[in-house]
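So here's one chain in two forms, each on its own in structure tokens, numbered structure 1 and structure 2.
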Structure 1
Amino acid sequence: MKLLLFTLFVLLTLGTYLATRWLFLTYRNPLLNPVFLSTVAIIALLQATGLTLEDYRPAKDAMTFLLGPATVALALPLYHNRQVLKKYALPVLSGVAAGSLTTMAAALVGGRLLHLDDGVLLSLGPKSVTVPIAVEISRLTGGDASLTAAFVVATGMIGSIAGPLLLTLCRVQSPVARGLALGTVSHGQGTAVALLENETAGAMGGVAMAIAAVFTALVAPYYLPLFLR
């Protein structure tokens, strides 16, 4: 029974993602974000059938394991666009650094205006980098690792949906700029959406995600306390 559920969940998840990806590529509407729609569909199915997250967990763990190889695979579009990276090396580095500082500051200033306590602010600060790094930053600075993980997932989801729309409204058409923005603010989920737009945007998203993670890990322990009471 467990093997059957595992197989069905894996096939269902892949099928749901492929279907929502087709919708996104067909209509190019940011609200048809494949990650968002797939998540909603799987949750709805679990609720409708009475199955639990524990039933789904083995399939989830198997597919999550593939995130490592998938991240490494981002090197391929980067290799194809290596000349673009060389051409814009300085703007890329400075842009990602500025974006990382700005997104942390915006979150923390907003949190202060909402009167969040310091523990929540420290958990919120590293929301725009990938979960493993954000959690470690949170632990080092005194935040709550579980809360940080939730903030990271929410940031990726919101950024990957609203980011392309905001960039289009601001008339940002350059695939380099779009990829850098999505990768810096929305980490892996933003990079995945950038890759759906085109290979150059995806490559720049992968670069931005990596640089932002390293830069944030280095500066956050000193930068975040500046916004505390």
Structure 2
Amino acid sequence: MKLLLFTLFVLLTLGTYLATRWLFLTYRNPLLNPVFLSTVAIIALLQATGLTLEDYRPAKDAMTFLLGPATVALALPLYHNRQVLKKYALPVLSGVAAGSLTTMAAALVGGRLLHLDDGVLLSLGPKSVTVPIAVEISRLTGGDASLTAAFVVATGMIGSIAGPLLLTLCRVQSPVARGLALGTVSHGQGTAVALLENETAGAMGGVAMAIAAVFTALVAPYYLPLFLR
């Protein structure tokens, strides 16, 4: 029974992924984000059948096993783009740092305006960086680790859908700038969308993800308290 459920979940996830990926690549519309559509479909199915997240977990653990090696693989497009990186070292560093500071400030100011309590605000702080480091920052500054993990995933989804639309609206066409922007605010998920745009954007997404993670870890403990009462 457990094995059957496991197999069904893996097939279901693969199936929704392939179908939504096809949709996205056919219509090229950021609103048809494959991660978003697949997630909604799977959650709806779990809810409708009365199954829980605990039932899905073994399949989830198996399917995310290769995320580590896949992140290491980002070194290859980065290597192919090393000349671009060298040429634009300063814009890259300052652009990612500015974006990271902006997104943290906007989240905390917004949260205060909407009367969220300090625990939630501190959990929101590191939401734009990749999960393992966001969770550590959250622990360090007094946030709630599991809440932060949820914010990170939600941000990844929101930023990778709305980000490309806004960048196009702001006439940001350079693949370097688009990739960096998506990686800065939406870590791996932003990078995944950037990779769907083109290789250079994908490589820059990986770069931004790494720089934003290190930069945020360094400044968050001093920067976030500035926005609390």
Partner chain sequence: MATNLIKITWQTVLLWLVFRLGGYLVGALHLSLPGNVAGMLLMFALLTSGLVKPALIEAASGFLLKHFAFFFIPISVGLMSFGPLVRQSGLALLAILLVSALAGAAVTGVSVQMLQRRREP
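C-alpha atoms forming the largest set that superposes within 1.5 Å between two forms make up the rigid core. Note that the coordinates shown come from a computational prediction; the quantities given were computed from them, not determined experimentally. Numbering for residues begins at 1 and runs along the sequence of structure 1.
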Could you point me to the form predicted together with the partner chain, 1 or 2? 2
With both forms fit on the core, has N29 moved 2 Å or more by CA between structures 1 and 2? no
Please state the CA displacement of G50 between structures 1 and 2 in angstrom, with both forms fitted on the core. 2.6
